[in-house]
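One chain follows as C-alpha cells, the form predicted on its own.
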Amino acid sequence: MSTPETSTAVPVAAGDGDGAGGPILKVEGIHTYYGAIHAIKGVTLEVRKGEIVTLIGANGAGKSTTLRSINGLNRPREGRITFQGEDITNRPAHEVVAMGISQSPEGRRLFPRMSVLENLEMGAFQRTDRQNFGEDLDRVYDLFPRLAERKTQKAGTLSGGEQQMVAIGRALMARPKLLMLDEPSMGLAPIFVEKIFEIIVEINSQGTPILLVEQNALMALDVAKRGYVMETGQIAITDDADRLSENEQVKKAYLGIA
C-alpha cells in the first residue's frame, strides 16, 4: 500500500449526504503526542449530519488516538477540532460529553460489578433533563431487547456481545448528537458482529451521526457513507465508502482480497 505522502485523497462534495450543508464535526490538521511520541500527524476529517463515517487502518495506525483527541482525553498540540461550529480542541472530556459527543470505547470499559441498568444509568450521569430518562432507557431496550431481560444482572457476567450492547447503550443514554464507536466488533462471535452492525445502522437511521473506528473494514465500509484510511498517524486515503471497497490498495491491505 502506498505511503500517506504518495496516495491520492479523493475529495467528496460538500454537503453530500447530510442534507444540511456543513459538517457537525471538523478535525483540521491535528498533531497529538504521547510524551515524545508523535502519534497523530496532521489528521483532517469530518462527519456530516446523518452520516456514518468510518476510520479504518492497521493496529497502531492512530485510529483510537484520533477519537481520544476528539473526546478530550488526549489534547492535540497543533490543529483544531470544531463541533457544531464551536472550537473544542482544548475542552476537557466532561465538557465534550456535555456538548453532545458520546463514545463507546474499545474494550467496552463497563463497571463489571454493577448491574446492566446501573451501567446504563451512568451514561446519563451528566444530563440535566432527567425527565427524558425513561424514554431513552426504553429506546435502548428497544434496540437491545437482551438488556431488558438482563437489566438486574451484573455486567461482568454477560457475554462479550451483550457487554458490547451495554457499552453502546450507555453511550446512547447521553443523548449524543454524535456517537463515536471504537472497535465495536472486537472479540465478538460472527452472529453478534452482524447484530451489532444492524443496530449501528438503526441508530443512524434514527438521526444520530456516527464516527466508526473498526478493524473489520469490510463490514465498516458496507454500512458507512464515507471512509478514511489511516497509516502511521496520517490519513492515507479518503473517499466514499463504496469506492474505497473497490480501491485495489484497500482491498489488498484491509479486505483480504488479492
Partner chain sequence: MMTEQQTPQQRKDEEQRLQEVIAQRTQRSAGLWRRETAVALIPLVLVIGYAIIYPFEAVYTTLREIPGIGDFFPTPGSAVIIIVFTMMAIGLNVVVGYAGLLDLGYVAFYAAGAYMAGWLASQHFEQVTFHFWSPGINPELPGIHINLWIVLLLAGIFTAVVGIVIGLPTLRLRGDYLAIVTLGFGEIVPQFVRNGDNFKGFDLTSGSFGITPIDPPGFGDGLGDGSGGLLPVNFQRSFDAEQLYYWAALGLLLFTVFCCWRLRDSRLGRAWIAIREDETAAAAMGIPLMRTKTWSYAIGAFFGGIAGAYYASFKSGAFPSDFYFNISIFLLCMVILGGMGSIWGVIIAGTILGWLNIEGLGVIGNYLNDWFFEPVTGSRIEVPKYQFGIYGIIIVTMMLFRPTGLIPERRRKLEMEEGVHDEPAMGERAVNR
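Positions refer to the first chain, counted from 1. In this text, all values refer to a predicted model and were calculated from it rather than measured experimentally.
What follows is about the form predicted in complex with the partner chain, which we do not show.
Listed stretches are 136 to 144, 76 to 84, 175 to 183, 95 to 103; the contact stretch with the partner chain in the predicted bound form is 95 to 103, by a heavy atom cutoff of 4.5 Å. Among residues of the shown chain, residue 189 is one whose heavy atoms approach the partner chain to within 4.5 Å in the predicted bound form. Residue contact with the partner chain in the predicted bound form: residue 91 places no heavy atom within 4.5 Å of it. Using a 4.5 angstroms threshold between heavy atoms, residue 132 stays clear of the partner chain in the predicted bound form. Remark: residue 68 counts among the residues lining the partner chain in the predicted bound form, judged by a heavy atom distance of 4.5 Å or less. For the candidate spot formed by 197, 204 and 222, no residue has a non-hydrogen atom within 4.5 angstroms of the partner chain in the predicted bound form.
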